[in-house]
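Shown next as structure tokens: one chain only, the form predicted alone.
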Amino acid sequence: MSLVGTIERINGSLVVARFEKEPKIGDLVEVGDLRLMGEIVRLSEKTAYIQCYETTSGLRPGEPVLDTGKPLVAELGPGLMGTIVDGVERSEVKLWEIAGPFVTRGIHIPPLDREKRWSFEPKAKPGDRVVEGDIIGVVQETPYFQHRILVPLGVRGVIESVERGDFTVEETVATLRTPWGERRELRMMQTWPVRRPRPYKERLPLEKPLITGQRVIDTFFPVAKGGAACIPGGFGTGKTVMLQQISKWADADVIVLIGCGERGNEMADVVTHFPELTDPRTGRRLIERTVIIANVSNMPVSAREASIYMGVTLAEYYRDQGYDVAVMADSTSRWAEALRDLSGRLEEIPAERGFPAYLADRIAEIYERAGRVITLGSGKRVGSVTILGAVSPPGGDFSEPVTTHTLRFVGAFWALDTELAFRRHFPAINWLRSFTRYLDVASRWWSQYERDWERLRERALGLLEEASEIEETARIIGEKALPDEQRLVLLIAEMIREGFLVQNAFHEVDTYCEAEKQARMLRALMEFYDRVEPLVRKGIPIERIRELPIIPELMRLKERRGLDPIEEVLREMEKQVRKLEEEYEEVCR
């Protein structure tokens, strides 16, 4: 039974209401005559503090508040794939159709279309004994994506009947008799509270990296499939483009893209062009396996706070179907600002930079929902959720609270560098500040392409680090005053940076680099260093090394398709180096 209260006070997005009976914390409420959506975030006896997900201008004390008795839930079922929804799962397309470009408050739109009929193909038959999480049927939601209909959590028993045909998400597709004799009707739609992680049978160790096709990530700072990564960077460092690249090329079955508090024009560009992108895996539209949650900066801040939970809940639902899901959250800083705004209105004691003291706990809640698991059900179905969270530290200051707390809960840290971005070095990931904790996982997987992958990676990173130290000296005394051995290190570091780390997202070939090609390219660069380093020690001038025609060819390998050009370049490199060695020996005679 719904409870009715009365508004006592309004403070921005925070509404204080008084109820005759005590409501529950976390309940969804409808505020005022406009029936604005809100959630109870604090209780003091019969006084409820409500965060409103819509602008509260025009509300007055004395207006009614209706407690629905239910928490904020996500509707899960066919119809989500390919949609663009806001932070509380209202369809942006339907909002546009109803209200135009300026959203009218108080509009209640069911997240899943109640009219559309879906072709349901049963996988269970009468007499089958099923438990929670078992697949009872499938729906071909898009030409690429097969939606698996699951037995709801907490339900088990024997299938009495199951139907084949076209149904809406609310119609019964099967009936089940529980062990207690209760008859349950099963539908294609189910709901789940967004703030509560969906359960699973067993958490599994991570086994392989999430391959993104971006060399600096896959080779130097990989993230495991089922892991978590943080992407901090100041304005203009390329966070959004990087996440879009990963969305397009990542080795994941489903993409959940969360635009949390981003600029309206930036999000408009995403929702305009993203549906037009071609999926390299299927040749169809990428949107056919993507869900976009768009919650821009001019929308109420409290809806931002809900959008991250909504996106992760959708990801867990697809994980439970046995899919690998990648969540792109852009950005968690805006989400944390929503927490700070609400905390201030609740008059809580602020911690560092005004953020609430529980900021670290909330960040942990999000990233700990990543993982690779055995899902509920009779078989051994495996799914994963990988969470990649962008952070927008003010002024690029990585010591601010959101970045430092996030570092505690992620396994990969991709530090975007403003200076690299200004030099048009993209992706602008600083190789000296970034790290990964998934090296063991990656090494085992990469060994299928390159047995010495870990050693080659360590050598390349070591040369880059050594070059950065040499550059400090070169700024004082000049590069030509350095020993040739150090100048060779600078040359190799430049080749690694320009020929391997820099990647053009808009180049037909370079936009994506296959794993085997990455390994071969890295080995080619290290082999070049191994061949010329003894020559420099013998006294061949570094200028002669720089003049070798093979150097530009090595740096252009990234723009050539396939593996054959790498072998050709290696053969030519051997010829040129041997010729240089012979010339030097003749001079010495």
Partner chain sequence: MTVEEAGLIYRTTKEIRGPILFVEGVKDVAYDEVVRVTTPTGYEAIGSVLDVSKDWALVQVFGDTSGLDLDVSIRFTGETLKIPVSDELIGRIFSGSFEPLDGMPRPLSTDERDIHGGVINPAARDVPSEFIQTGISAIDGMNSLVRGQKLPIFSESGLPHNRLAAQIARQATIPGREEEFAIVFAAMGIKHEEAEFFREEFEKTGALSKSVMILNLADDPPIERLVTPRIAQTIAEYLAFDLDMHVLVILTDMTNYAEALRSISIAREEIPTRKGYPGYLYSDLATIYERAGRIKGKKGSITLMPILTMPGGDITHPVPDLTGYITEGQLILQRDLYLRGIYPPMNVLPSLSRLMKDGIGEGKTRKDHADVSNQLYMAYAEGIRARGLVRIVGVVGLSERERRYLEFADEFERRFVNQGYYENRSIEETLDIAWDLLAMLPEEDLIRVREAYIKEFHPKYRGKRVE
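Positions refer to the first chain, counted from 1. Being a predicted model, the structure only gives us computed values, none of them experimental.
This protein has a second form, the form predicted in complex with the partner chain, left out of what is shown; the following refers to that one.
- For the residues P394, P199, G165, G106, the 4.5 Å heavy atom test against the partner chain in the model of the complex is passed only by P394.
- Of the candidates E266, D452, E485, E132, E266 is the one whose heavy atoms come within 4.5 Å of the partner chain in the model of the complex; the others do not.
- The partner chain is not shown here, but in the model of the complex it comes within 4.5 Å of a heavy atom of M555.
- Contact check for T272: a non-hydrogen atom falls within 4.5 Å of the partner chain in the model of the complex.
- Within this chain, G261 lines the site of the partner chain in the model of the complex, having a heavy atom no more than 4.5 Å away.
- Shown alone here, L432 lies farther than 4.5 Å from the partner chain in the model of the complex, counting heavy atoms only.
- Taken together, D67, K225 and Y358 are entirely out of contact with the partner chain in the model of the complex: none brings a heavy atom within 4.5 Å.
- Residues placing heavy atoms within 4.5 Å of the partner chain in the model of the complex fall in a single listed stretch, namely 502-510, out of 502-510, 320-328, 166-174, 134-142.
- Applying a 4.5 Å heavy atom cutoff to the partner chain in the model of the complex picks out A474, R475, I476, I477, G478, E479, K480, R487 from 465-489, in order along the sequence.
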